[in-house]
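Just one chain follows, in the form predicted on its own, and it is written as structure tokens.
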């Protein structure tokens, strides 16, 4: 064989070898997110678990600062430079991305059957025809309490509204603890941990929320005014100066052991576990009367969608189907106690406080915050106005009836229910 022939054979074999390598090269998927707190969990737990079962697919979790995420993501999507997968905010922000054709329709994705209509509500079109993000996590509302304080005062976990106020009276009479750690200065706290926490018990969760959207109920109806009447009674149990008390003030009052009960979102669990030097427990919003159905705000918080311009849609769908699996749900929820899987397969939580919150799904009917879907698209914004009126009711500057009238009038000024 001549030297020239040998050279030619080596060159040909080298070209073929390179082509083979290029063909077998890994596909890299990038996930856009605002959850920079989750970077370690993705890098150390979630990505290795997925890659082990999906050779040839590499995943990069690339978060942006939460306050910059929406603007940065929109700019990248418009420029065609966004990652393959997009972490989805709940409701209108993501719906807008879908309507602009930035997010793909995932209705038929393998694994989407693992989620209930309520779980998918934050990432589904108004007509229910298309779902465009895989539901990933929710937060649950209720009350976190100081177990040591309850034991010392001989207080049982309150099941009914009457039990709840009897417990508050007992705590107040003793004088050691502020009964409820909540302030009204930041406004959203009064609405989110107050009105939206206890409200579903009175408007019957999804039944009332759907009726409000359809125009079959109004915020001036008794079922919507009653939670404000209950909230107005909280004023006597909030401690001195609650009108000037910020959200971090409330957190500190509770974790320092100065307050007995904290109207809560489950996202507090991780922080409270590191700060509180006492035993904690949790209970769901008390029912009006013994035997009534209980309701919880199990509010959709995080989803994941497919960038419609992804260069690797099939590989991205494999990752999305895995995110929709019970395996992902278990790893994610146990890595972030207080952010609960929306998967229909229950996840047993290793954190006892998180397990207490999630156990309410077995006995209470879930709903989402009443203002988040459709009803806050106009001006005045119903969500923001609910913050204001919830604080006003607790402060005593508006009666429950006046607050309800203001909210309904604002909604009527721009919202016309679909016929």
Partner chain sequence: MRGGDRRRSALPHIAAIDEKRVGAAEAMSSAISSEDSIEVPARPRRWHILVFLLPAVIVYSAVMILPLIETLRLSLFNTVDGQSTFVGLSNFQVLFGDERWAADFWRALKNNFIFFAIHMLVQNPLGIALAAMLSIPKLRLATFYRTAIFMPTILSFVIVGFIWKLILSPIWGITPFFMDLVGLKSLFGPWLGKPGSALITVSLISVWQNVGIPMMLIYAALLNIPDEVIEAAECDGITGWSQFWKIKLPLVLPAIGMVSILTFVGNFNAFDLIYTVQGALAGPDGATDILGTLLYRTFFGFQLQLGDRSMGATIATVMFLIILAGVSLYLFGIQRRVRRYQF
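Numbering follows the first chain given and starts at 1. Keep in mind that this is a model prediction, so the values were computed, not measured.
The form predicted together with its partner chain exists for this protein as well; it is not shown, and the discussion that follows is about that form.
Residue 399 falls outside the set of residues with a heavy atom inside 4.5 Å of its partner chain in the predicted bound form. Taking the partner from elsewhere, residue 310 is found to have every heavy atom lying beyond 4.5 Å of its partner chain in the predicted bound form. Contact annotation: residue 41 falls outside 4.5 Å of its partner chain in the predicted bound form, judged by heavy atom distances. Contact annotation: residue 245 falls within 4.5 Å of its partner chain in the predicted bound form, judged by heavy atom distances. Just one listed stretch, out of 33-41, 379-387, 360-368, 51-59, contacts its partner chain in the predicted bound form at the 4.5 Å heavy atom level, and that stretch is 379-387.
With respect to its partner chain in the predicted bound form, the three residues 83, 101 and 215 uniformly fall beyond 4.5 angstroms at the level of their nearest heavy atom. In terms of contact with its partner chain in the predicted bound form, the residue from 107, 116, 252, 125 that brings a heavy atom within 4.5 Å is 252. With the partner removed from view, the residue among 293, 162, 256, 348 that has a non-hydrogen atom within 4.5 Å of its partner chain in the predicted bound form turns out to be 256. Residues 395, 397, 406, 409, 410, 413 are the ones in 395-417 with at least one heavy atom within 4.5 Å of its partner chain in the predicted bound form, listed in sequence order.
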